[in-house]
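Just the one chain here, laid out as structure tokens, in the form predicted alone.
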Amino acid sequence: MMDDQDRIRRIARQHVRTDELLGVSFMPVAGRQEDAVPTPVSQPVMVSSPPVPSPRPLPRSSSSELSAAAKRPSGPAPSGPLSRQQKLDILAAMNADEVVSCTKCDLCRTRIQTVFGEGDPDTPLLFVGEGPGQTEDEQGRPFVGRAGELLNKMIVAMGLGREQVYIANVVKCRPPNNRPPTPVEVDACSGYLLRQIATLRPKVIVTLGGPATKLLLSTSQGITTIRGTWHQFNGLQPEGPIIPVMPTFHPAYLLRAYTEDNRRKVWSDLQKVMQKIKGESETK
């Protein structure tokens, strides 16, 4: 049976190997999660906005109502694109007025905190996972446990910092024992995520794992089949843009199935995302 020292050595070796595959040349130190995500000087920074305090999401809407629904919480609908401050106000109102007190499904009975999401509202890149884990439930922030450490490394390898992207989940409360959210729970919570997207309007969405991919792409295909290929999120039509979506494995899955092949697949997916974002910025 593996003792604690063997387990610690095994985990350390896994982290070092992931760093090598993802091109990360530093070892995170203990402390706050955000302090462990320096931006590499050799990579250009795509977004230069300062860190943004965590907001949190809203009630369900049909895809044809998303743009209008995103504007409702902050009063009169602004004409043209939303400003940074308008996005912040909308997201904060969504969180404070609705998500924090949400009782739409039974996950509200066992949560410690709701976990809305956090990041730069003007980012071109949105990561969407399936739901909070234990550490996220305790802290009220997305991706701050072991899977979050790996996601941070993925973001750094892309030449970005965590504060330069936006991170959210399909469900905003932790499913018991970190199980996948049920279809009923996803259905009850999906409107919050859709309205976040309507407010943020990122250039690219990366779905992490099956539940997020199935929701945003309205597909029944498994993540193993669909990952690594470009798809489209049409939920903002007809008023809003069509957003490219890259499905990839969830970091928690990588920690369970820690093979070199899986890690290379994820890195290949992220490289495609980097190329897409670069192409979007060059066409402006």
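One-based numbering along the sequence shown. Note that this is a predicted model, so its numbers are computed, not measured.
Omitted here: the form predicted in complex with a small molecule. The next part is about that form.
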| remark: Exactly one listed stretch (129-137, 83-91, 152-160, 197-205) reaches within 4.5 angstroms of the small molecule in the predicted bound form by non-hydrogen atoms, and it is 129-137
| task | Mark His250 yes when one of its heavy atoms lies within 4.5 Å of a heavy atom of the small molecule in the predicted bound form, and no otherwise. | result | yes
| query | So in the predicted bound form, does Tyr166 come within 4.5 Å of the small molecule, heavy atom to heavy atom? | reply | no
| message | Quick check on Gly119: any heavy atom within 4.5 Å of the small molecule in the predicted bound form? | response | no
